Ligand SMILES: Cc1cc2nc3c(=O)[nH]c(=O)nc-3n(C[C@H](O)[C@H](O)[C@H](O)COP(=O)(O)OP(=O)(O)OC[C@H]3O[C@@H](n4cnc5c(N)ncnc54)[C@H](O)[C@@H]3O)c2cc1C
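A lone chain, given as structure tokens: the form predicted alone.
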């Protein structure tokens, strides 16, 4: 799939799934690509870490049978046969009880909702899944839209707790396109002809995926620099200057024909000072949700539900993701892995709370839901904090999102904030990289700078 090297050198800033996929696609089309990443490893939100004595994903991820972009990339990098597929169950914790909501019969028996409420709720989901023009849903808030179709009682008892758990009070500013994207991801497999949706994971978790992607990048000639923070991206008369700082403190300046920013929009605004004031304002005006996600290693299983949604008030986390209801226990050395996420605004104080306070609060909530658990059942507890995870789809969001092109001929933007009609997940991220590629290649080809070979990239270095 590779071709002769182009005379164009490209720096991709960010080694998440978006940056890595973009880099691979560009390299296989002949461009000379370097990826620069602040973190010590690759993968971004889909990276892996150690929890106790196991290595697994830092945040919970699942692949659907309908996630064609993820599955195609997995085939390309040689791990298409490493997926395991399972039917999973869904739970609800409501009125201090745990209920199964995994099929139509259980839905109809669900005690917290009256029969009419269930009819309206089911119709809302059915109707939403069949809406084609999602842009008109950007004109109304998700709360108003769900209340209109499900009724006030169903909204307050079912939808509102779920929205608050995912969006906090930001649900008030979120458009109904958010729930459209969420429901349509659920229904994607059925529309493609599959009789049911299956959940899947790559054996070994995203460590397996990232390792394979790293090998593919190396084979394509991509230079991958981790532990290197970009300090500034400045256009030159010919090319673009990228100033970086290594963990050792070493500052370096490198020259490229083109730079692709795949990081969060406020980061791009801060790193590229020559953007116009209008561009910076557009980038900074994108609102983000953050997350505090605990990974908990237990000696015993919980309720056997992959996802348990919580409608009762007073819990410190969004829901319970029992990963080993999906993943074979032998993948995590016979343990039981649980994620406890809490979605917050990007400036929420919880992001700066101490590990001890978060652990105490989260475990208290977990023990409240599952009284069979004790402190002795907790083998390990780790906390991930990310301030900018998902761009908030506010009213008329698609009209506010920056495009790939900037006013600087040598700088382009490919960012997850450009996902305007989907939810943030690995499949949508890979799809965005593929969708942006044609315009990106046109802009790179139009760059006027001459290629500087690898030895000449380092123009200066100071300690």
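Positions refer to the first chain, counted from 1. Everything numeric in this text was worked out from a predicted model, so none of it was measured.
Only in words, not in the display: the form predicted together with the named molecule, which the text now covers.
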Legend entry - Heavy atom contact within 4.5 Å of the named molecule in the predicted bound form, the stretch among 41-49, 24-32, 401-409, 433-441: 41-49
Inset, instruction - Give a yes/no on whether residue 264 approaches the named molecule to within 4.5 Å in the predicted bound form, heavy atoms considered. - result: yes
Inset, instruction - Check whether residue 66 has any heavy atom within 4.5 Å of a heavy atom of the named molecule in the predicted bound form, and answer yes or no. - result: no
Inset, instruction - Indicate whether residue 395 is a 4.5 Å heavy atom neighbour of the named molecule in the predicted bound form. - result: no
Legend entry - Partner contact for residue 10 in the predicted bound form: the named molecule, 4.5 angstroms, heavy atom: no
Legend entry - Site check 212, 260 and 413: each within 4.5 Å of the named molecule in the predicted bound form by heavy atom: no
Inset, instruction - Tell me, out of 128, 332, 271, 163, which residue has a non-hydrogen atom within 4.5 angstroms of the named molecule in the predicted bound form. - result: 271
Legend entry - 389, 275, 222, 298 - the one with a heavy atom within 4.5 Å of the named molecule in the predicted bound form: 389
Legend entry - Within 151-187, the residues that have a heavy atom no more than 4.5 Å from the named molecule in the predicted bound form: 185
